[in-house]
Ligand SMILES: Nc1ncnc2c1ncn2[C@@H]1O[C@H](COP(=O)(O)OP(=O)(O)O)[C@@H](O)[C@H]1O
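Quick setup: one chain, the form predicted alone, written in structure tokens, and binding and motion questions come after.
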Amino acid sequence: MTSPAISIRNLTKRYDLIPALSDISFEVPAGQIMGFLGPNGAGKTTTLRILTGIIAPSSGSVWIDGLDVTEHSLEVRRRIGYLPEHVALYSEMRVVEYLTYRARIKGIPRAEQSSRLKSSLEQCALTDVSRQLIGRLSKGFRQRVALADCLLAKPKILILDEPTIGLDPHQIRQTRELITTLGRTTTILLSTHILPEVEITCQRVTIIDKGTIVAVDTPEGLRQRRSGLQLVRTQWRGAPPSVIESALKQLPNVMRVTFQGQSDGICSFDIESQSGQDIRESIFHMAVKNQWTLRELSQQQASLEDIFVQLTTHE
């Protein structure tokens, strides 16, 4: 059995006795893309900075590719590529000049610098802008320059903190496709607020809230464990919303009815029932009995966003 690419055990970080992380543990298997989710202030960036050796933990252990981050900080940094949320680039340098400069800092042998530079430019689709000044590039291209920098040393592990922040939808899609491609040969820990991105890109998800891990599973596994209720979406015509809502609440196994609004005489309701109880036939028979028009009757699957809100919302 191969060891995990990233292993965190009982990790705690305090700032002046205030805990930012409280005894967290999780692993990222080699060759997987792991989504790392949490609300603002949950401890994501603190975790990533400890993983990359930027700050030290208060207690616990962190292993990267079998090496203890605290004891082998320099060797660990040679094995990872880290893209922070806010990247400082030299805007007066050209793309190729900047990446050449970074390759030298990383200690890449001179004989390999040209091929590494060419590969990084191609992977991040920067070849056509390689002679342009970084300061004149769009936000999307600057983000690609930062990612190309991460790839120069051929890292075994990529740690990406909000890699699509500030990008337009087209740029987000391009970056997502690049991450998916890189994930075929590289272990990736991806921190992001864009939940559909995680559903599309990641094999597993770790959710952190208030410095504590609240879930580690596949997106599908989270849905099965956390949904609890089944949701049916409906649209109606033929009676006032209050009358339809009252009738829906009287159906067997209905737990909750939520009015979603009314437009052009059509009212919408979301109806929740206990898991395993399919109430669609009861809804249909109710519509027939009352001679109401049922325009929509669809079973809804819990999204990762729904589950995220369940796990991180506190009364």
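Computed from a prediction, not measured in an experiment: that's the story for all the values here. One-based numbering along the sequence shown.
Omitted from view is the form predicted in complex with this ligand, to which the following refers.
Asks: Test of understanding: in the predicted complex, would residue 42 fall inside 4.5 Å of this ligand by heavy atoms?
Replies: Looking in the predicted complex, residue contacts with this ligand include residue 42, since a heavy atom lies within 4.5 Å.
Asks: Give a yes or no for residue 20: in the predicted complex, does one of its heavy atoms lie within 4.5 Å of a heavy atom belonging to this ligand?
Replies: Output for residue 20 is yes: heavy atoms within 4.5 Å of this ligand.
Asks: Please run the contact check for residue 273 against this ligand in the predicted complex: heavy atoms, 4.5 angstroms, yes or no?
Replies: No, residue 273 stays farther than 4.5 Å from this ligand in the predicted complex.
Asks: Even though this ligand is not shown here, does residue 46 get within 4.5 Å of it in the predicted complex, heavy atoms only?
Replies: Contact with this ligand, yes.
Asks: Okay, which stretch from 260 to 268, 61 to 69, 282 to 290, 34 to 42 lines this ligand in the predicted complex, with non-hydrogen atoms inside 4.5 Å?
Replies: Heavy atoms within 4.5 Å of this ligand in the predicted complex occur in 34 to 42.
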